[in-house]
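Here you get one chain, nothing else, as structure tokens; it is the form predicted on its own.
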């Protein structure tokens, strides 16, 4: 591992606490990923990135800042990356998937706040995440009440912009989101000093569309009965895609997809024939939250799809590249992003339809619907998800967890019993 100590010091990070975090990560990566057999060789890229997740990409971002580029830290798939990229800005995800950061979040938030939010706030206030230190501005959105209040804390010492996501999907809501994107574009222009044009926005739309296509290629390979990649590896690829340069991300995902398609043609699978295929849905799994996938895949099943923001919602649906004015482009962006079926919407039949469709497309044997504790949106939707799946004869297991390992054995017991039922 390269030495990033000076970079972290210059960012004002808490070096002692950060060293403690870094000591835990290598063993977790080894246990969850490197212990697997017959992995695709192309995973070497993501193995390298995760081994230096607080070093490689942060160093790149800092170099780009020296050239005058602005870094936008985002929390949600609703923030339109295309607008930032068009203005020569850089988009990065922000950390929020580790129990390490939760106590820091609980110092200023209610303990009954979901761990994803508490971890994000703790990562910033505890000065142990370089992405939170590097970002010139945070961009939030109104998909969750807990996040909305957390943004008020995060915005105390860093510029913060919040996009108002409609809570319904009527025609007027799509227009409202188009106007919200247009307003955000003005903020991006002001913050970067660069003007959006039809030409640079169209180029940015194309770049992000190509990234989505590359991610979709990998997921399409997971639809095969000959499963060429584990769910753990696919999840790692997806998590890193929120942080990576979009053009490099597309290149590396296409490289991986090439190998996976070749493995399918040769009949090379990562699991024995007959292994039960699981679709996971629910609250997003932010890096380094690998607990659920690891338990499922070390209990004798395989995760073949994630219907969640760190999954299909991130890449499904492309933006129309044929529009000839900024207003038309903003509407095209709105139409694409409003197809994302987050649990914040009411009604939200679209998510149920997506899950049922993916059960067929990915040849799924059973669904695990898992929400983080205190995530009332996804917890409430479990009932509708379960009813719809049972009506179609699809076995479903509903779970609730957090970032600690205290429930790991309980989860393993319940998941193991579910897999036994599938094996019948």
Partner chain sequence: MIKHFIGLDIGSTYTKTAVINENKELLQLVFKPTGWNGAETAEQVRQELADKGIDLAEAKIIATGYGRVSVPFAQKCVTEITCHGKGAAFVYGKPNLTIIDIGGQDTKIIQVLDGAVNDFVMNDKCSAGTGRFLEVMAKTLSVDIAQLCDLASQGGNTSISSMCTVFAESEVISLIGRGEKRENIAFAVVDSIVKKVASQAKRMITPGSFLCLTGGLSESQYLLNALSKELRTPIASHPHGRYAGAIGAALLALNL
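Residue numbers count along the first chain shown, from 1. Values in this document were obtained by computation on a predicted structure and should not be read as measured data.
Form predicted in complex with the partner chain: not shown, discussed below.
> Taking the partner chain as it sits in the predicted complex, is residue 390 in contact with it (heavy atom to heavy atom, 4.5 Å or less)?
It does: once the partner chain is placed as it appears in the predicted complex, residue 390 has a heavy atom within 4.5 Å of it.
> Taking 4.5 angstroms as the cut-off for heavy atoms, does residue 418 touch the partner chain in the predicted complex?
Residue 418 belongs to the contact set for the partner chain.
> Any chance residue 14 has a heavy atom within 4.5 Å of the partner chain in the predicted complex?
Judged by the heavy-atom cut-off of 4.5 Å, residue 14 is well away from the partner chain in the predicted complex.
> Does any heavy atom of residue 397 come within 4.5 Å of a heavy atom of the partner chain in the predicted complex?
Close contact exists here: in the predicted complex, residue 397 approaches the partner chain to within 4.5 Å, heavy atoms only.
> Within 4.5 Å of the partner chain in the predicted complex, do we find a heavy atom from each of 406, 410 and 413?
Answer is yes for this spot.
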